[in-house]
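Before any questions on binding or motion, here is one chain by itself as structure tokens, the form predicted on its own.
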């Protein structure tokens, strides 16, 4: 089930409401990777995907198709908006062990769409505004290619699930078995004491009051970990992912390590060559609206590309600045970045302040600032006047309590904890996970695939029933890989020095649960 060196990876987005008449088939294609493939091949892939979607609806009209396993290919589906489909097609090899998980691939598709909507609004709304589709294709192509190149310089201890570099040279990689102790679509929280929590709460109140009567939201990070949020869970996940990709000190640092799982572990078994990543064919260039995606402009409109690297910098006043959103007409003042909130649908100004390891994100409704950039500047100045002292105090307290890159390392354990209700995860430091053998990681990857399959079955059988699970696998190297799922919480653990018996391994899990999870995963 692995992806071998000469196999292909295809990613496409299409609209089932478009291109239904003969001669108009190309209209339905909104994005296709690799863009250099002939249109006949692109239409063939999308036509097959349409057929699979239609066929599976016969048996499951209420639940959208998620994965189809064929003899030679895996088709991973995601329908983020009605009749807008994202599909990833991966050709299989003859490897005995799967090197990736279907759920991990679906979460890549989900994250692409969530981040795109946060910056540009829904795909359907763009198509309704400009029925020809040229603007939508241009936005999607630029955004997704930037996304796939994102996170070139992750922190060496970063466990954030958005910190992948999908390109190695001119090759596209997938989240593989080496990432089985990560969970995309979650946030990683900083554990703080009561005194520090009180200071953080006080800072949040000051930030909100600095905007006057204007309702605003805030997100506070220390290093690459979330400290506080007043946003909805979905908006928190999106802003957190973007912050770790582009805004935190690690993301801004030009000297950050280029280490990553996919670079360190990428082999011919999980990459697909793409010869036209930077320069698509001439026909595709015209179809997707750009022959040079290094520029965000053409003769008709400016395309905002928020995921471009090395475009944010820290100003003298501590605020981060970027030219990605252009500048005000007839001025040299950079336009303040804007995002769309998923929960409320509001368009918000995004103001980012940074002091040492502390990053503050303040979101202010665009509709509440009648005088545009001047009003934003006034709010930012008010924040500096009111909150500077508290910012310094919070950063100092968090720094003193910070345990460093191995703060959440537990000797003898390699683990992943997921709180599904809060969309929070915690894991062993990445530098510790790399000490695991390939056999252990492959076994954990297989275990997670089995757990996800059981969860899907339980969901189909009863939408209101959460199924408790416990699974154990003895890897080829005699390591134990263990999973426990209960009441929305999940624990995945690798024990490479767990003696010869399952009883010993089970006892080790009990001790971990009692000490670090308040007994959540303990067997009564």
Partner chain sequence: MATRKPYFPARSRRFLPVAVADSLTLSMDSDSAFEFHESEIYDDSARVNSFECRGGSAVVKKKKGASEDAPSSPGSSGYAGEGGSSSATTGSQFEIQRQEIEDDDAAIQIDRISLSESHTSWIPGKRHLDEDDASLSWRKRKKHFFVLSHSGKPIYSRYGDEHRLAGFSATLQAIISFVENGGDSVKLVRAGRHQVVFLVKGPIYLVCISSTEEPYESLRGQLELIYGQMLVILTRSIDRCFEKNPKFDMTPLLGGTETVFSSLIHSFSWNPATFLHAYTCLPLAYVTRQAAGAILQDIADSGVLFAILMCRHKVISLFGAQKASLHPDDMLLLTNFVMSSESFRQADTYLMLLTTSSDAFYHLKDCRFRVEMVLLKSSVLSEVQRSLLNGGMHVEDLPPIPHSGSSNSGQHMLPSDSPDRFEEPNSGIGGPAGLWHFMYRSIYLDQYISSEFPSSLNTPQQQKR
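Residue numbers count along the first chain shown, from 1. Source: prediction; values computed, not measured.
Keep in mind the form predicted together with the partner chain is missing from the figure; the text below concerns it.
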property: Interface membership of residue 35, the partner chain in the predicted bound form, 4.5 Å heavy atom rule; result: no
property: 4.5 angstroms heavy atom contact with the partner chain in the predicted bound form for residue 489; result: no
property: Residue 27 within 4.5 Å of the partner chain in the predicted bound form, heavy atoms; result: no
property: Partner proximity in the predicted bound form: residue 73 to the partner chain, non-hydrogen atom cutoff 4.5 Å; result: yes
property: The partner chain in the predicted bound form: contacting segment from 27-35, 489-497, 452-460, 475-483, heavy atom within 4.5 Å; result: 452-460
property: Contact set, 403-420 vs the partner chain in the predicted bound form - heavy atom within 4.5 angstroms; result: none
